[in-house]
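What follows is a single chain, given as structure tokens, in the form predicted on its own.
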């Protein structure tokens, strides 16, 4: 199958490698609004086509499937058009700015008969596979609370600029712009919210409480202070409540007064707890003794739970097309993540009013 990639920012490299490595795909075309950059990638990897207009790529009858690696605000319209043009679609996370946009994408998927997958790559780590297996097999007992977070210190916020291999500089400040649906909750938060819901089988949301903040901004070039907008949130804290009493506590920041970057995933169960060490892709298990008075700690071993090494989501997407099976991250689950994000943003607006 011939693959195309739309949007050649930082995230596209993983898609490029996956399509070039997979025996069932040929990376056929790339597209970026910066045509010079698209042509550079085409030449570097000896690809057949390069485009600066995604409409032209979608009209190319040779292309069977596409990855959409664009800013958040473009996910829904480009995905809908791609599906309506008969292409299978792997869309970067978050699926869309809102659940309403996600449903439009789902509708296009159903009427097209093509496959749509959301590229929530955190699901595919060995540590997350082990968490999922432990939950599905009932080892946790009653999971009553989960704590998640992705905290970055001031000084490593997403830069408004990026320098490409060919020396060109492009603006990527949409991460910080409310109008472009940027912000830390959609960026870092969607990763861990999807991970948590995936592990726990997507429990039904009952409500959410949250606060958002914009306290810092990244370094900018002299003279650009008044040209760039930094009005989306750089930090969110919240609590989501789910059916059955489950609560999920969360904290996400692009930059805050913490000493180092930390990713937190702690699962609280009545029989077993888990602490995920994401930087080492390790999982510690806290087993509660039968008398409830003591515990032991052990390091989980991937081979004991059938976990396989991480691979890019594109490989699962390709396999689902070849075998005509459900994609690993289906669009209806992407919508459920967006529904949680919608509730959290609504709660932020109410708390900040």
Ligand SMILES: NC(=O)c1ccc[n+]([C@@H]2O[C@H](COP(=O)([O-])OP(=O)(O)OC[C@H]3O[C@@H](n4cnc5c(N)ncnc54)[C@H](O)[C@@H]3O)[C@@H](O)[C@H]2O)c1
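Please read these numbers as outputs of a predicted model, since none were measured by experiment. Numbering follows the first chain given and starts at 1.
Just so it is clear, the following notes concern the form predicted in complex with the named molecule, a form of the same protein that is not shown.
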If we test each of 170, 144, 242, 202 for a heavy atom within 4.5 Å of the named molecule in the predicted complex, the one that passes is 170
Checked 70, 57, 27, 65 for heavy atoms within 4.5 Å of the named molecule in the predicted complex; positive is 70
Do residue 93 and the named molecule come within 4.5 Å of each other in the predicted complex, heavy atoms counted?
-> yes
Heavy atom to heavy atom, is residue 330 within 4.5 Å of the named molecule in the predicted complex?
-> no
Could you confirm whether residue 187 comes within 4.5 Å of the named molecule in the predicted complex, counting heavy atoms only?
-> yes
Hey, in the predicted complex, does residue 119 get a heavy atom within 4.5 angstroms of the named molecule?
-> yes
Exactly one stretch in 57-65, 300-308, 31-39, 280-288 has heavy atoms within 4.5 Å of the named molecule in the predicted complex; which is it?
-> 31-39
Across 171-196, which residues bring a heavy atom to within 4.5 Å of the named molecule in the predicted complex?
-> 172, 174, 175, 187, 191
